[in-house]
Ligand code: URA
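Starting off, we have a lone chain in the form predicted on its own, written out as structure tokens.
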Amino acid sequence: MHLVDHPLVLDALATLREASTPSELFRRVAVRISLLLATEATRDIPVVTGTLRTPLGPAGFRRLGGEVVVVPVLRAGLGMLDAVLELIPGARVGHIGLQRDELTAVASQYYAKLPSNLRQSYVLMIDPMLATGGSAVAALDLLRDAGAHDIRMICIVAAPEGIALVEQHHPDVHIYTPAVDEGLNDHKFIVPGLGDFGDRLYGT
């Protein structure tokens, strides 16, 4: 569990939480916070070193030494994808579609398309809300079955219940978030949270 408390992250989170934030601004700020969280989640990815030539002479360099795969959990995770690809344009992309039953809060899979050779990749699973943890665990199970070994989960708001469930089923997965909220209400929404991320992102 990594609590990201950078001032720019916290400033963006405050805007996302504000009920009066319009969808257009919500989208822009979602991109900003996703960039910052992805930067933190990739801090320890190995680098390779070498020498290149600038217009004025040779210089040492360090570049990413591993392949990154980004996997948004549909649909809300799509709101974070472009930001991560802006940061890591060479990343491959997979998709996992999960639908949560509003009454039971149980997640069911309706789509999954993942790149090959995940075992050699650093996987960033992006899903803005970690609530009950059911969807996260289901998505992580799919990634494990596909061979993923090093998985980092990026979420914008998390509930203690969701964190506990992920740690129970996937204790080696690193979770990056700026906020662990009070808990879940009777409808399994994070409180205080920021509402339904997908609905606010897409204006639905």
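Just so it is clear, the model here is predicted, and its values are computed rather than measured. Numbers for residues come from their place in the sequence shown, where the first is 1.
In what follows, reference is made to the form predicted in complex with ligand URA, a form of this protein that is not presented.
Peer 1: Would you check, heavy atoms only and a 4.5 Å threshold, whether A131 touches ligand URA in the predicted bound form?
Peer 2: Output for A131 is yes: heavy atoms within 4.5 Å of ligand URA.
Peer 1: For V9, is any heavy atom within 4.5 Å of ligand URA in the predicted bound form, or not?
Peer 2: Contact with ligand URA, no.
Peer 1: Should R17 be classed as touching ligand URA in the predicted bound form when contacts are defined as heavy atoms within 4.5 Å?
Peer 2: No, no contact at 4.5 Å.
Peer 1: Against ligand URA in the predicted bound form, would D196 count as a contact residue? Criterion: heavy atoms within 4.5 Å.
Peer 2: Yes, contact at 4.5 Å.
Peer 1: Is any part of 174-193 within 4.5 angstroms of ligand URA in the predicted bound form by a non-hydrogen atom, and which residues would that be?
Peer 2: Residues within 4.5 Å: K188, F189, I190.
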